[in-house]
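What follows is one chain in C-alpha cells, specifically the form predicted alone.
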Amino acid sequence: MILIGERINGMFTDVKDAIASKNKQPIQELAKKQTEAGATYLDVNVGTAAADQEGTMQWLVETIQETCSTPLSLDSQKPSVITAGLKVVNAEAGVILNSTPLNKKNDGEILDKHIEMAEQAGPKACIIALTMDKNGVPQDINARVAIAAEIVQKAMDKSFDTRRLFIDPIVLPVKVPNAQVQVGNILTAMEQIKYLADPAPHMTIGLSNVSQGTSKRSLINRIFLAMAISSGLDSAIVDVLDEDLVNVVATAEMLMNKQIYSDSFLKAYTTANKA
C-alpha cells in the first residue's frame, strides 16, 4: 500500500504557524515522524497559509529535504505552485504531482500540462488525476468511470506509463446531505477503473475527506479504508501517525493475501514499510 502522509498541510494550525514564522523545526519533525511511521510519500500542501504560494512551496520542499529523503507529493490545484516545487524537489527520489482534473472551464489542457511537467521531471514522477471535469465532481458511478477512462486514454495517447498514474475518484464527506450514497458509488467505480488499462493505474483517495465534520472521524476513516482496499485501492493520503489506521492497512492486505500471515504480521508490515 502506498501511504502518502497528509500532515504537512497549511490547513493544520501547527503547519500554518510554522509557515508564517518560517520555523523549520515543526515541519522537519513532521517529516521525520511520518517517515518513521512508514509513509511512502509526504504530501506537501501550502493550503491558505501564505500569500506567496510558489515561494512557500519551495521553502517547504527545501526544509523537508534538509532532514528527510522520503519522496514528496506536491499538492496544489495551481500548476504554477507545482512547477515551483519541481524546481527544488529531488525528483530522482520520486515525486507525485497532486492533482489535476481531466479539464477545467478555464483550462481545457490542464491534464496535458501535468503530464508534460511529470515527463520533464523524470521517469519517477507520477500524477494524481481526479475524476472531475469542467462540469465538476460527478455524482454517479458511470460518470466517474467515464472521466477516468478519458484520463487513462489521454495518458496512453501521450505514451505516459499508466503505472505512473494515480486515479482519485474523489471522496465526499458522508455528513453532507445526500452524499452518503457516494461511498458505495466510489467503491463500485474503483472496481471498474482498475480494468481500464494493463498495467492498471493506481487508485488513491484523500481518506480524511470522508469523515469531515463527523464526531467519529477515526472510526469512519479506518472502516472506509478497509472497504476501499477490498475494492482495489492501493494508495491513500492518510494520517500515517494514526497507528491503528496503519494496522488496518496491514490487516486488510494480509486478509486479501497480499501479505504473508505470521503472529507478528503487524510488526512485519511496519518494518517493511520503514525499510
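Quick caveat, the model's predicted, so the values are computed rather than measured. One-based numbering along the sequence shown.
What comes next is about the form predicted in complex with a small molecule, which does not appear here.
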TL;DR on 226-234, 42-50, 28-36, 55-63: the one with heavy atoms within 4.5 Å of the small molecule in the predicted bound form is 42-50
> Would T67 count as a contact of the small molecule in the predicted bound form, using a 4.5 angstroms cut-off between non-hydrogen atoms?
Replying inline: no
_Check L165 for me: does it contact the small molecule in the predicted bound form (non-hydrogen atoms, 4.5 angstroms)?_
no
How about F265 - does it come within 4.5 Å of the small molecule in the predicted bound form, if we only consider non-hydrogen atoms? no
Even though the small molecule is not shown here, does S21 get within 4.5 Å of it in the predicted bound form, heavy atoms only? no
Should the three residues N142, Q180 and T188 be counted as contacting the small molecule in the predicted bound form, with contact defined as a heavy atom within 4.5 Å for each?
no
